[in-house]
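Below you will find one chain, with nothing else, as structure tokens; this is the form predicted alone, and questions on how it binds or moves follow later.
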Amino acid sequence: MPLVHFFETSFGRTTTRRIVLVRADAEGLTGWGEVTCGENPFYSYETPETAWHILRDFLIPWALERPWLTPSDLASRFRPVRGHPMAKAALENALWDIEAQAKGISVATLLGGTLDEIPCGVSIGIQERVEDLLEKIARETEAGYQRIKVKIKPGWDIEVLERVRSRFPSIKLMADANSAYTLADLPRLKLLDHFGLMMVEQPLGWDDMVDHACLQKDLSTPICLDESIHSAEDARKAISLGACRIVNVKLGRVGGYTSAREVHNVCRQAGVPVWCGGMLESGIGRAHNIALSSLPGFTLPGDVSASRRYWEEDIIQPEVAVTPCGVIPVPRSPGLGYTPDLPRIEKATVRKERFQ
């Protein structure tokens, strides 16, 4: 699926997404899940090729070999496979979709979601020029988005944020570094406190908590951890260390709904707000993010935004839309509340395998 506009982070630039979808059929019902990894092993070691291998050779055969009662039971069965959470999430989430349909309720309701609408923010990648970034921010705030996230990296950070704050002094603003800095950059990172940011996301190493705890002691700006959090245990340890004050929950990164609810519960009990991050998902992954964001601990605007920001044509009907107030209503019809566009999916499909 080609993006409407390239998306650039400190990892590099993405123009086209290669997405693995999982379709599960059971007793006349169909559920869908999406592998949310990138094309390259930069944000995560997972890629479409690794996910295909793990699903084909391990997870799907294990799911079919003997009965199970709930998708969470299946998540337990997958634990011997070390890592590969995005592959696991795609299959587990498809089965949550089926279970919700079988019970005649929405995935959000099955999860325990209580929010009827979710506040939406938007993530804007690194641009060719600062002027391009400012124009995009103006466009998104006019569209109603409640929070703006900008990507930063060394050489595209302090001066850029100064320009943004000069033009938009009162918007809810956050910065996402995607692990682009080290503690050696402390003097520069401390300058972030001048901009009234909601948070700075994952400024240091993707697998680090200790240095983040050191950095948080020197920053007034809250640190939000993303890549470092893969489980409820990771969240507990990070909070205990003081490595963050906010947690980004991504369904794929933590391995599916079962793990995501556990992370949510740990953070809520500790009084740490969470929000739902995005991975340039198609409409199927986006619909799952909407359901997740209905949980009561998701008190901050997430990266769940409209289909049209990314795709000329999405693969669900209706496409995800954001109201002028910057919210998305949470569907309450059985399942995900969005219908996969099968002709559009077939048109975009380059490979498929079937298991029975």
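Predicted, not measured: the structure shown is a model, and the values here were computed from it. Heads up: residue numbers just count along the shown sequence, starting at 1.
A second form of this protein, the form predicted together with ligand OSB, is not displayed here; the remarks below concern that form.
K.L.:
Just checking whether Trp32 would be counted as a contact of ligand OSB in the predicted bound form - the rule being heavy atoms within 4.5 angstroms.
P.N.:
Taking the distances in the predicted bound form, the answer for Trp32 is no, it never comes within 4.5 Å of ligand OSB.
K.L.:
Report whether the minimum heavy atom distance between Met199 and ligand OSB in the predicted bound form is within 4.5 Å.
P.N.:
Flag for Met199 set to no.
K.L.:
Considering only heavy atoms, tell me if Ser231 and ligand OSB come within 4.5 Å of each other in the predicted bound form.
P.N.:
Residue-level check for Ser231: no, no contact with ligand OSB.
K.L.:
Indicate whether Lys149 is a 4.5 Å heavy atom neighbour of ligand OSB in the predicted bound form.
P.N.:
Contact with ligand OSB, yes.
K.L.:
Pick from 93 to 101, 214 to 222, 187 to 195, 276 to 284: which stretch has a heavy atom within 4.5 Å of ligand OSB in the predicted bound form?
P.N.:
Of the options given, it is 276 to 284.
K.L.:
Under the 4.5 Å heavy atom criterion, name the residues of 295 to 310 that approach ligand OSB in the predicted bound form, in sequence order.
P.N.:
Sequence-ordered list: Asp303, Tyr310.
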